[in-house]
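Only one chain is given next, in structure tokens, and it is the form predicted alone.
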Amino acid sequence: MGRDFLSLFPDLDIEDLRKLPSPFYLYSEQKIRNNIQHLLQTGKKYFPDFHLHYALKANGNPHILKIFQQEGVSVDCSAPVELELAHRIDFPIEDCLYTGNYESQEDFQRVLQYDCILNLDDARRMAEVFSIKIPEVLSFRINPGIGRGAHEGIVTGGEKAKFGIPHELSGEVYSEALERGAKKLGIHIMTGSNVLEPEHFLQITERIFDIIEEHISPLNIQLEFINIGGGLGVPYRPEEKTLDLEATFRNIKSVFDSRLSKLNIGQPKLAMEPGRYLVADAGCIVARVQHIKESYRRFLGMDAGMSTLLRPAMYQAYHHIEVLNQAKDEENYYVCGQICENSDVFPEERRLKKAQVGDLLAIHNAGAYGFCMASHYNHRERPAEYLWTQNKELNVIRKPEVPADMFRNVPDFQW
């Protein structure tokens, strides 16, 4: 799944890539569309009114977002500018979900200019929100007391998580919303990211139905939707298996079928908000070997460090690395970047094709949480982004930065 460069980018001439300044991000339009269509088709097989929100924070390049808009997918936004961006891309704003946390009053004022679905992370913010405007559709992010993720840093539920309203308070929260005049209500849960086991989604669906049965059903509220979040995983390591999407939705449907008719919440639709699943394996970083150093370890130094891709340093995340040459021999390397931090080394020693200075590398599964987390650390310019289109065209969708870009907003200084 996204681990062979030539399969991901068929007919793309690597010699053309060698002429481009590196590093850069490269995305496959066809793969993104395939991912969207597969998820939509599988979801609607079990839930005809299934609603899909793309988590825009995973990759917010406007050219990528246009693909989602064309495929009829709405978005999940986590900051006002993301919602404003969705509006500019012409997503139907009434279908867009806004899930922020710890917002300012100004944030709410910006968000409530739009009739989006507002998903509140803390019930105590209701007074601030309703003083501005009664949302067209109001949802609450409930912390179910459990969480799971591929790394502790991406677990978003449970007692240590900063997100969500404690599930024990659910009844009070929805009662208050009704008293304040809310007309349309939904419920949201998000426990963690990058899960590859279908059984997890069975468990979290059961959990949200437990919470609804205990706290919300007695209120006789007609819920518009049950949003079970994202978390659909992508295999980063070669030995990991692809998430069985069919089994995932079959498990979710079994819970709806066995429990929904016993509750007083109407006929809510199923909603989800994946980000990584839709774009991660559709993107690579193309980097260049800068130096090979024989020290206590053999280091392969490239021009894409933690300022280009933060996940390995931040989470010790694994990304498959491919040397784009014709070598038959292999060697062991510790792959690192140029940033002056000892954490700027990819986890684990890698067995790769024997590389030489100037060779290109493909770092896989970089379509999600890649460029959006890039920085200027060590005053490295952020890279370009390219899209390999369905028409076999290599389009620039973000120009590479130049040094002046880093100082553009500094008063009384010109590069």
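Residue indices: 1-based, along the sequence shown. Keep in mind that what you see is a predicted model, and the values were worked out from it rather than measured.
One more form of this protein should be noted, the form predicted in complex with a small molecule, which is absent from this view; the next part is about it.
- Per the 4.5 Å heavy atom criterion, the small molecule in the predicted complex is contacted by stretch 55-63, the sole one of 376-384, 344-352, 30-38, 55-63.
- Using a 4.5 angstroms limit between non-hydrogen atoms, residue 190 touches the small molecule in the predicted complex.
- Interface membership of residue 371, defined by any non-hydrogen atom within 4.5 Å of the small molecule in the predicted complex, is ruled out.
- The closest heavy atom approach of residue 288 to the small molecule in the predicted complex falls outside 4.5 Å.
- Of the heavy atoms in residue 273, some are within 4.5 Å of the small molecule in the predicted complex.
- Distance criterion of 4.5 Å from any heavy atom to the small molecule in the predicted complex singles out 99 from the list 99, 307, 248, 139.
- Interface residue among 185, 111, 232, 202, judged by heavy atoms within 4.5 Å of the small molecule in the predicted complex: 232.
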